[in-house]
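A single chain comes next, written as structure tokens; it is the form predicted on its own.
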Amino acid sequence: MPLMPKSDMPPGALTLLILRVLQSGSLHGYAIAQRIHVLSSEVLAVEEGSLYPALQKMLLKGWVTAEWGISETNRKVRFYRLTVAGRKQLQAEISNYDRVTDAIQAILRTA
């Protein structure tokens, strides 16, 4: 199945996806991208140029914390973890996503 071009990912989806995969525990950047790729049945691909700016934005907003550690391949990497504010933001992002999806579905069913 072909990869979905970045331009086809709905605006704000990357933040939602990162928050969601971090809900299960801390991960380093490459692992976050891989988890999104695998969980999306290899439809979504997150490029470094999008991932790390998004993570930096989340750090500044206090949604995630980061600490240095050693990866499974013995490389020094930053592990990101959700904060309490990040968990609240995840719930807000899910609610907003559901609201928008429902609105689009309503239009598709009736228009």
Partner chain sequence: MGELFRRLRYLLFHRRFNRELEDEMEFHREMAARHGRRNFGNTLRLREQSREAWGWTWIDRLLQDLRYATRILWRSPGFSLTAVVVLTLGIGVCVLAFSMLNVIVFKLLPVRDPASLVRLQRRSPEIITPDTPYPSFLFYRDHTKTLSAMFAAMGAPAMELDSDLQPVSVNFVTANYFTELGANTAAGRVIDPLRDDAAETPPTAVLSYGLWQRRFHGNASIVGRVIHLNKKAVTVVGVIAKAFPSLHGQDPDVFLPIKQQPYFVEGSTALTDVFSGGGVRMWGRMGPGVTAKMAEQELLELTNELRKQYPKLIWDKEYIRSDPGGHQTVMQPEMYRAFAMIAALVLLIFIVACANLGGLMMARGITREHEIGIRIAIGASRKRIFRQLFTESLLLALIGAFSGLALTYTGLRILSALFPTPDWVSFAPDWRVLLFVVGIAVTAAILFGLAPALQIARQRQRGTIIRQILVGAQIAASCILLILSGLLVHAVLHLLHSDPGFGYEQVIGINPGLDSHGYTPEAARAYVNELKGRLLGLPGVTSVAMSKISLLGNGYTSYMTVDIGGHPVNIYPNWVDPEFFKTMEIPLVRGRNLLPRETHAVIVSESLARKQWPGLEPLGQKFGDQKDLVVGVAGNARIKALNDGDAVEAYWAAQPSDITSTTLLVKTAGAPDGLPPMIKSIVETLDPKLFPYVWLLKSGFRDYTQILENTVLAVSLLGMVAVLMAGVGILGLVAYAVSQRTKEIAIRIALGAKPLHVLSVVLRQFLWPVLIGAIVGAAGTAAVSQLLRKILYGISNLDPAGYAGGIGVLIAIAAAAALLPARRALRVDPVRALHEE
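Positions refer to the first chain, counted from 1. Every value quoted in this text rests on a predicted model; they were computed, and no experiment measured them.
As for the form predicted in complex with the partner chain, it is not shown, yet the points below apply to it.
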- [ ] Classify residue 43 as contacting or not contacting the partner chain in the predicted complex by the rule of any non-hydrogen atom within 4.5 angstroms, answering yes or no.
- [x] no
TODO: Considering only heavy atoms, tell me if residue 59 and the partner chain come within 4.5 Å of each other in the predicted complex.
DONE: yes
- [ ] Would you please decide whether residue 29 lies within 4.5 angstroms of the partner chain in the predicted complex, comparing each non-hydrogen atom pair?
- [x] yes
- [ ] Evaluate residue 36 for contact with the partner chain in the predicted complex, applying a 4.5 angstroms cut-off between non-hydrogen atoms, and reply yes or no.
- [x] no
Task: Interface residues of 53-91 toward the partner chain, as seen in the predicted complex [heavy atoms, 4.5 Å] - done: 53, 56, 57, 59, 60, 61, 62, 68, 71, 72, 73, 75, 77, 78, 80
